[in-house]
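One chain comes next, on its own, written out as C-alpha cells in the form predicted alone.
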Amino acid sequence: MAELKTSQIVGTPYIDGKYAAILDMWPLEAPECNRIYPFYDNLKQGRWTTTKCKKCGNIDYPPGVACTKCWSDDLEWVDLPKTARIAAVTEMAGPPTGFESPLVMAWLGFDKSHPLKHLLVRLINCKLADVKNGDEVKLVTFEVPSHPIDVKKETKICDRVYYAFEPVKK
C-alpha cells in the first residue's frame, strides 16, 4: 500500500493531518470513485488520452462515459498530441486556492489533422515573459496530493497525477 503523501501545495485537502474531501480540488482518480479513471492511469504512464466513440467516431474532450454526439457508451481510449502551439497567453493575478500566483494560462492550438483544435490549459515552469504566441509547448504530468478512500472496510491511499503544459526548450 502506498503511503499517504502530504503536500506543500497551498490548499491541499489535509487539515491537521486529516483528509478533508470538501477541500480537495483534484479529481478522485481511483476506479472506485471515477468512471474515467483510465484517463488518469494513462497520465501516470505519460499518455494524454480521451474517449472516441466506436459507433460514430466522435472524439470528445474531456473524456466521458458516453458520446456527446450519439450517446453511445461503446468508447475506446485514444492518444492526444503531446505538443501544441500557443495561440494566446495570459496570467491570473488572483488564481484559485491551491495555485501559485501568478498563474500562467494559455489557449493552445493543435495540429489541424487532429479533432482537438484548441484547449485552455495551465502553463508551468515558466513566467508570462518567457512565452509568446506561436511558441511550442509540451505535455507534462505532476503529482498531486494522494487521497484516502474506504474500500471494503479498508482505507486505500490513491496516488494521483494531473497535467499541464510547459515550454519546449530550444
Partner chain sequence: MAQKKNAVIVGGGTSKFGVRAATIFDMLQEAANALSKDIPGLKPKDVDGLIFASTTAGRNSNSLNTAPIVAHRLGIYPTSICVRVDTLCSGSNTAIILATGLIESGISDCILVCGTEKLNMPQRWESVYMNLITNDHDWDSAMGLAVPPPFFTMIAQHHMKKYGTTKEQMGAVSVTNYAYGFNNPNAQFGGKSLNLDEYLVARTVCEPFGLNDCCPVTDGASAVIVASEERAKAMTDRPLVYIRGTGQTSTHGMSAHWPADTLADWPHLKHAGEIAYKAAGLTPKDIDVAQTHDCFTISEIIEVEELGFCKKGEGGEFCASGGIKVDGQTPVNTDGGLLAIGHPYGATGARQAVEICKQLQGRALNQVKDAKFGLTHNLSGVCAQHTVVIYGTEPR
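What you see is a predicted model, and the numbers here were worked out from it, not measured in a lab. Residue numbers count along the first chain shown, from 1.
From this point on, the text means the form predicted together with its partner chain, which you will not see here.
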All of Y37, C53 and P81 within 4.5 Å of its partner chain in the predicted complex, heavy atom check: no
Look up in the predicted complex whether D159 has a non-hydrogen atom within 4.5 angstroms of its partner chain, and give yes or no. no
Counting only non-hydrogen atoms and a 4.5 angstroms cut-off, does A30 reach its partner chain in the predicted complex? no
Residue contact check: P62 to its partner chain in the predicted complex, 4.5 Å heavy atom: yes
Can you work out whether H118 and its partner chain are in contact in the predicted complex, taking contact to mean some heavy atom pair no more than 4.5 Å apart? yes
Do any residues of 63-90 have a non-hydrogen atom within 4.5 angstroms of its partner chain in the predicted complex? If so, which ones, in sequence order? P63, A87, A88, V89, T90
